[in-house]
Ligand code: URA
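Below you will find one chain, with nothing else, as structure tokens; this is the form predicted on its own, and questions on how it binds or moves follow later.
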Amino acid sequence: MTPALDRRAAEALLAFWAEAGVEALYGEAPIDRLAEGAERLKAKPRPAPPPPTPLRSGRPGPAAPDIGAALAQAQEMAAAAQTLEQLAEAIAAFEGCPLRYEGARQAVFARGNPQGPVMVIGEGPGGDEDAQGAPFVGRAGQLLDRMLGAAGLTDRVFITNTVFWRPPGNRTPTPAEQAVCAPFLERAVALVNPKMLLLAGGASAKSVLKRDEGILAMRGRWFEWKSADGSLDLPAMPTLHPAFLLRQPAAKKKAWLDLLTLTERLDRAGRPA
């Protein structure tokens, strides 16, 4: 065969092998592939971690508030408020709640009838509330308003939360965050002087009533709430949070029964003996 034919034959043979999936040819010396694989599987020493990056010098960010000192300050500021307007100003000026420094736009205090016989206490503001500066104005709040209206409680409620700044990501407020805001909440109860409390959600019920049960165990039951100084003693009913009802529509029946129970007691208390 001529060199040209040898070349064409070799190219055709290589093309045949490539189409057949052959990726390598035998070499002149044998290679122990098992030994190569075992060598790759041997543990290789990890490189030493890089030295820690030194903290950047410059002006430090705001330090986390001291909870003990913040609580004492909250008690002093709350006690000095003689009206709900003064209380709202005190809350807006308060710097002791850690939530204030975690992305909240503004303090969110309350809405509703200051002379209403029922105070609704939720957990904390969400995104819509943070933007508008009022509690329960988003989808959950709209559902709450519809339920209150159906129960005959429109214009008979004053609505607030256990904390007054939006927790990041709408997470549940921590007990420490609720505790540092509690003096303002208690002062709001004293200034409104409602006949009863409706506690929306497990975080609210646990914080206000100082209990550990879950909301499904507490909802629909009457508890007695007492102020820290013992001057106030009010009936309180936990119920399901409207945000939960949006996720679990089948639970609306339970919340509706809670509202009917509360309304019946409220109207019974208002009837002449």
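Note that the coordinates shown come from a computational prediction; the quantities given were computed from them, not determined experimentally. Residue numbers here begin at 1 and follow the sequence given.
Unshown form predicted together with this ligand; subsequent notes refer to it.
*Asks:* Out of Pro183, Pro194, Gly126, Gly202, which one falls within 4.5 Å of this ligand in the predicted complex, going by heavy atoms?
*Replies:* Exactly one residue meets the criterion: Gly126.
*Asks:* Can you tell me whether Trp165 touches this ligand? I mean in the predicted complex, with a 4.5 angstroms heavy atom cut-off.
*Replies:* Because no heavy atom of Trp165 falls inside 4.5 Å of this ligand in the predicted complex, the answer is no.
*Asks:* Would Gly112 sit within 4.5 Å of this ligand in the predicted complex, counting heavy atoms only?
*Replies:* Result no; Gly112 lies far from this ligand in the predicted complex.
*Asks:* Is there any non-hydrogen atom of His241 lying within 4.5 Å of this ligand in the predicted complex?
*Replies:* The answer is yes: His241 has a heavy atom within 4.5 Å of this ligand.
*Asks:* Any idea which of 70-78, 146-154, 118-126, 92-100 reaches within 4.5 Å of this ligand in the predicted complex, heavy atoms considered?
*Replies:* Stretch with heavy atoms near the partner: 118-126.
*Asks:* Heavy atom within 4.5 Å of this ligand in the predicted complex: which residues of 155-179 meet that condition, in order?
*Replies:* Contacts from 155-179: just Asn161.
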